[in-house]
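One chain comes next, on its own, written as structure tokens: the form predicted alone.
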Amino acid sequence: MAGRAAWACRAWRPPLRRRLDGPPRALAGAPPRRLFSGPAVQVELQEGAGVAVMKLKSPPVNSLSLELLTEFTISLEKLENDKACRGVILTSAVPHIFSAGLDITEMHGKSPEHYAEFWKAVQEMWLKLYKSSLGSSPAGGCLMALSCDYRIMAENPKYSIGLNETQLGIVAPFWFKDALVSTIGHRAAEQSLQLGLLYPASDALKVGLVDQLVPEERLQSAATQVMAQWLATPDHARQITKSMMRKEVVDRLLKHRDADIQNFVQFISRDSIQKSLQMYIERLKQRKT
């Protein structure tokens, strides 16, 4: 689920939906109308454009901890309820990294109650993002990206993106799988999930995991240009179409949400899984030193 800082590497800035409040307006130079910030997420709503920029700011690698997930979900819900917000660009305030994915320390050495609370927060974040009327921005690093309407990645061989659960001895849940299959197709998703592949930028583009590669210094301008294209489509048509396309995947998790939490708690509490996570954490510590 997470652990590698290369998962999304300040890579994609997903332009999201707009509301029914007129034609798109230029984003460049638009002054902020409102700024609110918590310990892990900063949000700036640009007045002229009706576009919010959400930045993850939990160094060193923006790991998706329980705190960050909760704050992200609350921030996104605020924007959903703000009639002035028409779209969201999701990015990072930490240089050269978007997110390392789900925080492994939240899944190791804790109580079953904590595991359940954490996994419920992961579910909630994904559901808010995947079915957002503003559009999708990404869940664990790559899962967040899969939830977006459009993904832009920095054209840099050092950056990679993928769902590497099996490399940690963990199995991706069915809704991770569903989101990946919807994006890159069944065969590519099967290979990706079985091997826990992390795709370099060029390969991510080939397989369809990202939509566009640009030099890192052009990420913001590219996101702005793509946002304008998406905002030009009538909201009601786009929202209904998006809901129709994603309904089956969303409904499946909603129907089995409690069972999914129970399965996660039982699986992650196994001694063998805890030992595997402990070994991975130790390897990460060794790399840092």
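Since this is a predicted model, take the numbers as computed values, not measurements. Start at 1 and count along the sequence shown; that's the residue number.
Just so you know, the form predicted in complex with another copy of the chain exists too; it's not on screen, but the next bit is about it.
**Student:** Using a 4.5 angstroms cut-off on non-hydrogen atoms, would Tyr280 count as touching another copy of the chain in the predicted bound form?
**Tutor:** Because no heavy atom of Tyr280 falls inside 4.5 Å of another copy of the chain in the predicted bound form, the answer is no.
**Student:** Although another copy of the chain is absent from this view, report whether Gln123 comes within 4.5 Å of it in the predicted bound form, heavy atoms only.
**Tutor:** The answer is no: Gln123 has no heavy atom within 4.5 Å of another copy of the chain.
**Student:** If we define contact as a non-hydrogen atom of the residue within 4.5 angstroms of the partner, is Thr183 a contact of another copy of the chain in the predicted bound form?
**Tutor:** Residue-level check for Thr183: yes, a contact with another copy of the chain.
**Student:** Could you tell me if Val171 has a non-hydrogen atom within 4.5 Å of another copy of the chain in the predicted bound form?
**Tutor:** Flag for Val171 set to yes.
**Student:** Can you work out whether another copy of the chain is within 4.5 angstroms of a heavy atom in all three of Leu193, Arg238 and Ser276 in the predicted bound form?
**Tutor:** Yes, each of Leu193, Arg238 and Ser276 comes within 4.5 Å of another copy of the chain in the predicted bound form.
**Student:** Can you check 104-112, 159-167, 215-223, 86-94 and let me know which stretch has heavy atoms within 4.5 Å of another copy of the chain in the predicted bound form?
**Tutor:** Looking at the other structure, the answer is 159-167.
**Student:** Between the options Thr233, Ser37, Ser65, Gln262, which residue brings a heavy atom to within 4.5 Å of another copy of the chain in the predicted bound form?
**Tutor:** Only one listed residue qualifies here, and that residue is Thr233.
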